[in-house]
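Taking the form predicted alone, here's one chain by itself in structure tokens.
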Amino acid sequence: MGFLRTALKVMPPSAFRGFPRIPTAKIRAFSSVLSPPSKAVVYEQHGSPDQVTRVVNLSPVELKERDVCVKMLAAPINPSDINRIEGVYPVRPPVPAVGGYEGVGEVYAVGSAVRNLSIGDWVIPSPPSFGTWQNYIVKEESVWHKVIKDVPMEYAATVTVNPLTSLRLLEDFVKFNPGDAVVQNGATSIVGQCIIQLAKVQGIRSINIIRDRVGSEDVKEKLKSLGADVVFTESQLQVKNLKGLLDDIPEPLLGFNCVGGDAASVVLKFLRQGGTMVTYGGMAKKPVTMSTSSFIFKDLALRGFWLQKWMRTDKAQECRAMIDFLLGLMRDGKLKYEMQLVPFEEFGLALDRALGKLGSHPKQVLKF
């Protein structure tokens, strides 16, 4: 094929006089590039992921001139992935669908008009897109963002949803001065761990709340090793004077809630006059409540953040530069969190862990 294309470019039209014309459709068929056959996790209806998902074989896909075929390297199982399969997430692909929303892959083949990507490049879908739980994906070049290769692939696979959320939470709501503080519940989550580390990079102090559990002292030390200034269990905060626990840390102007219920109320109690609490999750599945006096006398504000909505704004044009910034921190060891790589062939095991059926486990990342 390479010789034929070269010959067609070099030989003048007069050289082809007298030769029979080959229909264009046949030339296209002869020169088409197909992706390899693939395996994928699909679901044809919404429901419990362990009941409605199955691994199937997918046929090869033809690459159009601007298409890129990516061999997936790794993709996480996020709570939002589970919610999409369950049918309870606000935005979800129509069924039947392939699971997964973010991940990293290696360019396997490119269409004839692709100019900015080459075979062997590492890429992520940016903004993220549905269908990352499969061996090979074919999408237009514009979907893919080239990323550095000198980070562990599980970090490149997970950079968009949680670390990017953490960065936007810290930058989109208040203007910080050096030495200011933030308070958050759910500090052991990946978003929580990223907030601790990104706040440290920016000179912001962090007050962190975790649930009471066996081994909570070890958890506190782990978060402090990431840069947390103070870490409290929920039971430690059942006192009237929370300010007395802060020593030299100023009252925070910004708080983050991913739990709801009483855990959100504690975050509100820490905030200073005119402070803001941003809710980005609701793990307890309980509403956020705030006293009338907090509204009137402290002038507190309640906000919400949803990454997928943010990505539809004009600010999303900066998304890829932010991802590169985060990957640089990961490469330099300034941003890290615990994950567990699981072979794609053991998807069922990884899913059971992600669903909490087998006790507590780190974030599950499928390795292809």
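The first residue of the shown sequence is 1; numbering continues from there. Computed from a predicted model, the values in this text were never measured in an experiment.
Same protein, other form: the form predicted in complex with a further copy of the same chain, not shown, and the subject of what follows.
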Check all three, Y89, G282 and F297, heavy atom within 4.5 Å of a further copy of the same chain in the predicted complex
yes
Test of understanding: in the predicted complex, would K336 fall inside 4.5 Å of a further copy of the same chain by heavy atoms?
no
In the predicted complex, is there a heavy atom of a further copy of the same chain that lies within 4.5 Å of any heavy atom of W306, even though the partner is absent here?
yes
Does S291 make contact with a further copy of the same chain in the predicted complex, using a 4.5 Å heavy atom cut-off?
yes
In the predicted complex, A301 touching a further copy of the same chain (heavy atom, 4.5 Å)
yes
Name the stretch, out of 272-280, 127-135, 185-193, 160-168, where some heavy atom lies within 4.5 Å of a further copy of the same chain in the predicted complex.
272-280
The unique member of P287, P178, G244, G120 whose heavy atoms fall within 4.5 Å of a further copy of the same chain in the predicted complex
P287
Just to make sure I understand: among 105-125, which residues lie within 4.5 Å of a further copy of the same chain in the predicted complex, judging by heavy atoms?
none
